[in-house]
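As a starting point, one isolated chain is supplied in structure tokens, in the form predicted alone.
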Amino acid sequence: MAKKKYRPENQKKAWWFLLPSLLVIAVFSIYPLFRSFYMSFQSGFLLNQQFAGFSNYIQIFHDPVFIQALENTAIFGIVVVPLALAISLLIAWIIFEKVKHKAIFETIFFMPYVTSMIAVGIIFQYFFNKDYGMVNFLLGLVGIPSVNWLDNIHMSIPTLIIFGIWNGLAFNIIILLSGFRNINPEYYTIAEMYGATGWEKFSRITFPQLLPTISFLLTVNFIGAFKVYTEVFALFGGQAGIANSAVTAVFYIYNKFYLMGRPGVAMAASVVLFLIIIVITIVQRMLTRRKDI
């Protein structure tokens, strides 16, 4: 009788060690997922629900606020994720190549990541204030008139995008710097022996070696962008901008569930958002794998 090959995942003892973690995941991640899907077909208040079929889904797709929330969320994700990643890559590359005391700059760039989003949002409210904000002051120095960043329905999303880009830099830079350190320095030594320029080293060594890290950041950032809520709450003082001009999908779900007492509608919107995120993630992974990232 052939002896079965030893594999750690086939050992029963391993599953006993994993059981506590699996129970936590099942209770706090998997069960809420199925519960949300079940509630999306219910109507009424949280303690007195009745089966409503697809009425909640029909309602949200006929709700112009939900459509606007999806549009705003999509614009936010499509603009913020690539711009924040490109700026982060530039800053990380400058720190890695040009700066001597890298640890100091890493600490400085990581500080916003551990700072309360509400506190940062309050500071940005002052920055974007029409009358005394720093942004309008700087624009005035080059002759550009003041912009009503926070109380103009046409400027709500651009303001949120600027805030989102800034907010995404800290995490991206730290992860990219880690990716830079994992590149074998012998590649650069050999490239310098053959007289490679700085751009050639970046385009032919640094960037290809960073592609797995960039792929990871794209996935994480897109998921985070489609769940944007705290940035809106902090920047517009608990509101979704003037006349819901900055409403996002998660903000819509929160308002329906907690403020309007419509858990079925909120869960239907949650399921739609979940499916959108899953589809985008799968498409992105397929594209990156095709490029051997």
Partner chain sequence: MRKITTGLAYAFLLVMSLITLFPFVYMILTGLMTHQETVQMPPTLIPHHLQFSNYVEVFKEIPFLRYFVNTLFVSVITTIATLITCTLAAFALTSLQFRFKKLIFTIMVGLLMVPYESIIFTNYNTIANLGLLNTYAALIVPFLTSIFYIYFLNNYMKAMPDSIYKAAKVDGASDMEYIWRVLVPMVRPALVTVGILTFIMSWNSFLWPLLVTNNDNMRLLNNGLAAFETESGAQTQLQMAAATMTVVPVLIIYFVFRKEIIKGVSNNGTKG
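Computed from a prediction, not measured in an experiment: that's the story for all the values here. Residue numbers count along the first chain shown, from 1.
The following text describes the form predicted in complex with its partner chain, which does not appear among the structures shown.
- Checking 151-159, 107-115, 69-77, 202-210 against its partner chain in the model of the complex, the stretch whose residues place heavy atoms within 4.5 Å of it is 107-115.
- Shown without its partner, this chain lists 147, 183, 99, 190 as candidates; in the model of the complex, only 99 has a non-hydrogen atom within 4.5 angstroms of its partner chain.
- Proximity to its partner chain in the model of the complex holds for none of 54, 61 and 284, with the criterion being a heavy atom within 4.5 Å.
- Using a 4.5 angstroms limit between non-hydrogen atoms, residue 166 touches its partner chain in the model of the complex.
- In the model of the complex, none of the heavy atoms of residue 222 sits within 4.5 Å of a heavy atom of its partner chain.
- Using a 4.5 Å cutoff between non-hydrogen atoms, residue 194 does not count as a contact of its partner chain in the model of the complex.
- Proximity of residue 214 to its partner chain in the model of the complex falls outside the 4.5 Å heavy atom cutoff.
- Contacts to its partner chain in the model of the complex (heavy atom within 4.5 Å) from stretch 245-278: 250, 253, 254, 257, 258, 267, 270, 274, 277, 278.
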